[in-house]
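One chain comes next, on its own, written out as structure tokens in the form predicted alone.
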């Protein structure tokens, strides 16, 4: 059974009197442990596709399954539980809480789960050590470089031990050297922990670094 499966998925947005078709009949299957890039130009539907896979948004039509469960049939609370239990997100703008330290930012998803503070701290320290930020755990985001903030975001995404990590343009704000380090880190974690990674990009620097490329244009998959 694939971890992610889409069958003839569409997504349409209504903006005023206009209708925008962001996805047009997408069929896609992604297995557990894959390392996948969805690539294409801006406005091609990459972020919409990731939002649907991550249960942030619902398709207009078609079927979408996560580990055998049809997402559209879940209630909002069940989707929130699915995201918290099984999906980690790495956002393009990092989305770190500015008043929290790196350690506190990584502990946050575990606090939401109700994990005891000592256990949450131990898990967060483990992940921050993995991304080589142990010396920066007391730094707030404004005292960290873009690459360091992205590594905090990766640690936060992994701290709940998700089966899937979704990264939207994870290198968009990074220089080439830092971007390659981030991709190597994600690939290393994918290999060691069998975590499935799906990220969107139109960054040519990354396309040789992944195992599977999904090319999307005008809301349709045109090539793999």
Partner chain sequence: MKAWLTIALRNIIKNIRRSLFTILAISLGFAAVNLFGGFTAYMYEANREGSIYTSLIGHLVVVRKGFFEKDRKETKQLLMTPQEIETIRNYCTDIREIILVEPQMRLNGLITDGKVSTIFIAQGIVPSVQEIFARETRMKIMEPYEGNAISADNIHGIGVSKGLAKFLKLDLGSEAVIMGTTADGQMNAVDVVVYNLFNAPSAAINDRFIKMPFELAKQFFDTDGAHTISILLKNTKDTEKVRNMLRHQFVQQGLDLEIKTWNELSEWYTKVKDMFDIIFLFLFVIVFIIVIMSVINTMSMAVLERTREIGTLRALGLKRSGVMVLFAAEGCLLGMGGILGGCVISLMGWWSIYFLEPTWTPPGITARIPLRLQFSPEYMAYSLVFLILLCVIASLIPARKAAYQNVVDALGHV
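Nothing here was measured: the structure is a model prediction, and the numbers come from that model. Numbering follows the first chain given and starts at 1.
One more form of this protein, predicted together with its partner chain, exists but is not displayed; see below.
Asks: Check for me whether its partner chain, as it appears in the predicted bound form, comes within 4.5 angstroms of all of 51, 77 and 98 - heavy atoms only.
Replies: So, yes: the whole triplet contacts its partner chain.
Asks: Does residue 121 reach its partner chain in the predicted bound form, with heavy atoms at most 4.5 Å apart?
Replies: It does not: once its partner chain is placed as it appears in the predicted bound form, residue 121 has no heavy atom within 4.5 Å of it.
Asks: Hey, in the predicted bound form, does residue 56 get a heavy atom within 4.5 angstroms of its partner chain?
Replies: So residue 56 counts as contacting its partner chain.
Asks: How about residue 84 - does it come within 4.5 Å of its partner chain in the predicted bound form, if we only consider non-hydrogen atoms?
Replies: Answer yes; at least one heavy atom of residue 84 falls within 4.5 Å of its partner chain in the predicted bound form.
Asks: I'd like to know whether residue 93 contacts its partner chain in the predicted bound form, with contact meaning heavy atoms within 4.5 angstroms.
Replies: Because a heavy atom of residue 93 falls inside 4.5 Å of its partner chain in the predicted bound form, the answer is yes.
Asks: What residues of 122-137, in sequence order, lie within 4.5 Å of its partner chain in the predicted bound form by heavy atom?
Replies: Nothing in this stretch is in contact.
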